[in-house]
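What follows is a single chain, given as structure tokens, in the form predicted alone.
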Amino acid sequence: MAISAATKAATDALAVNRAPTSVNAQEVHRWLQSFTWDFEKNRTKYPTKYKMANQTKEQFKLIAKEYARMESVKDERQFGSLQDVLTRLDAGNRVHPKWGETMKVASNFLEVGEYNAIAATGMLWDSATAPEQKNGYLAQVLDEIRHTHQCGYVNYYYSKHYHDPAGHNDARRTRTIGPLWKGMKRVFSDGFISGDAVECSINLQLVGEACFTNPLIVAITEWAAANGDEITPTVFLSIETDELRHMANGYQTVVSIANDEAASKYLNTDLNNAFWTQQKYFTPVLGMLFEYGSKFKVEPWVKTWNRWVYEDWGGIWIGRLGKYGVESPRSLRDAKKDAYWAHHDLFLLAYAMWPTGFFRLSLPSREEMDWFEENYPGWYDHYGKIYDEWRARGCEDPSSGFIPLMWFIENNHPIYIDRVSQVPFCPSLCKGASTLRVHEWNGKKHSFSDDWGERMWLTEPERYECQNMFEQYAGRELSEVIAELHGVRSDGKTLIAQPHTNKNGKLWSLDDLKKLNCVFKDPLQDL
């Protein structure tokens, strides 16, 4: 058959310039280094007050082909273990019930953080001008999508294999009831995606990932394993192997703005605000989940906090950024005080408001009380005696007609919500450093628990607009609110939250709560 002129021309051209049959990874990376955009005409959707240099490198030099190969291997190991090995071992039902309830909070809230990190890293990709830096952010976007799926899968796994799936299978529609949600949203959502792109990087990569993922994702695997949970280490350690690259992205973000005059003007204030906002939530919540949400303790939370937050992050990690003008947050020393008592204060309030949760809590056993007193001298006289009184009044039994929130009202201990962190506090009862201060603005009263948050609010009050649960539900009866927000199990009457983790214990229902006639009231109305 005669060959056409066009085919002959193509054949001759290929004979002279052979098409490559494979591409070396380093060749692709060199191509990425030379890749560029028209920066003069570049318009970003999310402008930053900082000027990011366009010569910034990406430390991991990771290209898409290598990324896909590496992550697929990790996924095969993780999902293979979950679907086969751990299922055969009935791992879901080997988890201690107290820890099974803790994971309802940890996996659901972390999923929200990972989801918002997708948008945060996308904003950074849009603002950066260096090709390699964009490449690093792109890989992180893919990571965050993967992590969102992984956290969702933890809930899916527990929903199928844990003895009490309520909370794992429907937290997305019930988690907004309680006071922990809005504080979590402040650190995992608002801080990651609201405002300046580089400031979001400081929140996400420099503080969230370089500081708090160590206790949140690494330390939690030790606590999980100690309490019979093989699922969480399998998933969370797979996530943590990506976090190192995200920390490097945060480092390179700082490098990219090092020569910008705005960096010396804003950077350390933005870092201090990001750290204080996050520690104000993570320090008490993580300590509460570890120590009160476990049967078998690993070590006192204050030791974990000092190692990961104070020494490793505040000292070593931030110290390496010192040559770029970065200083350890001025609030770090005050945060250290919170690491000792703040989580004990928070559990007292969390247990008092247990009906508003989507998980079960239980009072410390006698053995656990001894552990608390040994590691936190003075704990029993302040907290233990209260728990003994609540237990004696039958707080776990629905027929008692008593929930601990009533004790706070009877003893005139009003509970406030900090406007900046959205974390509840009781100034007349807390053993930590919280003190009440109130400001009025735009015809509305706002409560604060510390100097740092108060200063942040006075600088930008519009940034912290948010209704807290007492303002939102003021005048509403407790069981009515819970029913409206789907805080019940599939029978339509039994509460998802319970004040004990006893498999054979009686469960509270909407009717039990209704008999108490608890009505939400905003304590600021009395001031």
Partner chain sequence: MSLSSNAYGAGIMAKKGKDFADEYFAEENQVLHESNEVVLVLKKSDEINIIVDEILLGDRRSDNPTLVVEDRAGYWWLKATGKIEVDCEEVSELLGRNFSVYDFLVDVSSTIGRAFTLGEKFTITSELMGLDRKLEDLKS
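What we label the rigid core is the largest C-alpha set whose atoms superpose within 1.5 Å from one form to the other. Not measured: the values here are computed from a predicted model. Positions refer to the first chain, counted from 1.
Here the subject shifts to the form predicted in complex with the partner chain, a form of this protein not shown in this document.
Among residues of the shown chain, Leu62 is one whose heavy atoms approach the partner chain to within 4.5 Å in the predicted bound form. Although the partner is absent here, Gln26 sits close enough that one of its heavy atoms falls within 4.5 Å of the partner chain in the predicted bound form. Arg307 belongs to the set of residues with a heavy atom inside 4.5 Å of the partner chain in the predicted bound form. The closest heavy atom approach of His149 to the partner chain in the predicted bound form falls outside 4.5 Å.
Taken together, the three residues Asn272, Glu454 and Gln525 all stay farther than 4.5 Å from the partner chain in the predicted bound form, as judged by their closest heavy atom. The contact with the partner chain in the predicted bound form, taken as any heavy atom within 4.5 Å, belongs to Ser328 out of Ser362, Thr277, Ser328, Ser107. Between the options Ser400, Gln83, Thr241, Asn411, the residue in contact with the partner chain in the predicted bound form by a heavy atom within 4.5 angstroms is Thr241. Residues with any non-hydrogen atom within 4.5 angstroms of the partner chain in the predicted bound form fall in just one of 155-163, 174-182, 114-122, 318-326: 318-326. Taking the partner chain as positioned in the predicted bound form, the only residue of 118-137 that brings a heavy atom within 4.5 Å of it is Glu132. The Cα shift for Thr11 between this form and the one not shown, taken after rigid core superposition, is 2 angstroms or larger.
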